[in-house]
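Okay, so here's just one chain, in structure tokens, the form predicted on its own.
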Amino acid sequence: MRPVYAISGGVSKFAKARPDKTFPAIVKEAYDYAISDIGLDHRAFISLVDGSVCSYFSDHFARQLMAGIMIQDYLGLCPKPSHRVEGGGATGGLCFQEAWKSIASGHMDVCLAYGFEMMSHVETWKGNEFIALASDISFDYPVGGFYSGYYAMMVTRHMKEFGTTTEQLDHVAVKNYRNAYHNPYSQKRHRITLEDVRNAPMVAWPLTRLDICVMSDGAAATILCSEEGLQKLEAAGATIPRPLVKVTGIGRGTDAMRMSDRPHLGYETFMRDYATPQEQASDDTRAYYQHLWEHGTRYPGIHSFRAGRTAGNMAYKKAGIADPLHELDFVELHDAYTSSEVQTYEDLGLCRYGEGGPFAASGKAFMPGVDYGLDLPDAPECPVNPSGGLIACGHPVGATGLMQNVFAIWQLQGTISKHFNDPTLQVANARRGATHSHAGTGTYVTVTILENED
């Protein structure tokens, strides 16, 4: 596999509705940003890009089949190769990784990955119905019918198993909203409090309106290239920011669509097939997990995302990461719900299973220099969702995973201040970060590791 560099990205403003533009035009907004950021105009870039990958979740929202080819045409990319990917909430993450494959395999030297969703064209209840169709329509959908109910069920099981509290979930919402206050691309820029979260309208206990991401209109685009592609772009006048950002590991995982079909694995199977090398090597952690299993834990059940653990372990192995909490400088993860962020802390090995709640309230996942109005016992160690995540930025599904990678690129280039006109969310001396994209109730998950070459 060839080295792959993520050299630029752009995002549109995420909003509840963008009636000012069609979906091809909103993608062009992100595309124009990405190419202008490296100093190229459209004509120069089109002469060098070898092809593209397009990302959008649902034909229903845009009411348009083959929307990808309409964007390809609108951007002037025809007749270059392209294909559309779809994988629920993980669509954008899959798109970025498909572009990586095109470069790593030698198929392309320069690849554009773009994604969008225009969710405002339908009423909220209808949008929730479309999203719920990403569950088993013969089994789960008739019983549950909407995703907030599924995630409420999962987190109540997490609470029963591990003692997770609503206040711990509230810490995630406060963190992500207050981070997003400094992100001009985010949909919701508010400084909320723990009390605001708990007093918000209840959707599905314990999840209130402020625990849940919102439907959005938005687009994002990234440019990936090989070493040869880098040379071609610079020869054409592109200014590629240094340090270069390299994709050093990708991982993917899957799980059964029906949560009732997910296994209850024993302790030995978990330690052999799912535990990280760090967990396997720690006598204390082995004893901790042995205790959990002796008192009824069965992994993954419905309290954990096996696909997330699989994707993370795969990406970490490729990138040479053994201790994620201390070897990653930040993580942009798929926080469709505050509860799913807590669950994903555990899946990504930032803490042990059962410790996601205390980790959420510890301060370790917070940004230094941001006033959260909270009494946090620990200093930040690995900021999670410094951008504000899905909860505050918004979740235009096909764009979301790409948005995460755009923000990761900017973090590693050290250019957050340039793009946000505010340095607050720049992770100091960021060298390595992870992005995590998640679909359904954990049916598809991607994890990507990006590093700068300093």
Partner chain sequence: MAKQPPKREETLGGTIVHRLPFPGELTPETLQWLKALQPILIEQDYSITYLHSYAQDSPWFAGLTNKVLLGNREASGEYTYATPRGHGMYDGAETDWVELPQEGQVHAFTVCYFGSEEFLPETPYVLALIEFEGADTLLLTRLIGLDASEASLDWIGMKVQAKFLRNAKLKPTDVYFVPA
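Nothing here was measured: the structure is a model prediction, and the numbers come from that model. Residue numbers count along the first chain shown, from 1.
This protein has a second form, the form predicted in complex with the partner chain, left out of what is shown; the following refers to that one.
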Mind telling me which stretch in 195 to 203, 366 to 374, 103 to 111, 242 to 250 gets its heavy atoms within 4.5 Å of the partner chain in the predicted bound form?
195 to 203
Have a look at P142, G76, G266, G320 for me and say which one sits with a heavy atom within 4.5 Å of the partner chain in the predicted bound form.
P142
Considering the partner chain in the predicted bound form, which of E129, D273, E227, E167 comes within 4.5 Å of it through any heavy atom?
E129
Is it the case in the predicted bound form that R286, H291 and V427 each bring at least one heavy atom within 4.5 Å of the partner chain?
no
With a 4.5 Å heavy atom cut-off, would you call F146 a contact of the partner chain in the predicted bound form?
yes
How about A379: is it within 4.5 Å of the partner chain in the predicted bound form, going by heavy atoms?
no
Mark V85 yes when one of its heavy atoms lies within 4.5 Å of a heavy atom of the partner chain in the predicted bound form, and no otherwise.
no
Does T156 reach the partner chain in the predicted bound form if we count a contact as any heavy atom within 4.5 Å?
yes
Heavy atoms within 4.5 Å of the partner chain in the predicted bound form is the criterion; list the residues of 416 to 439 that meet it.
none
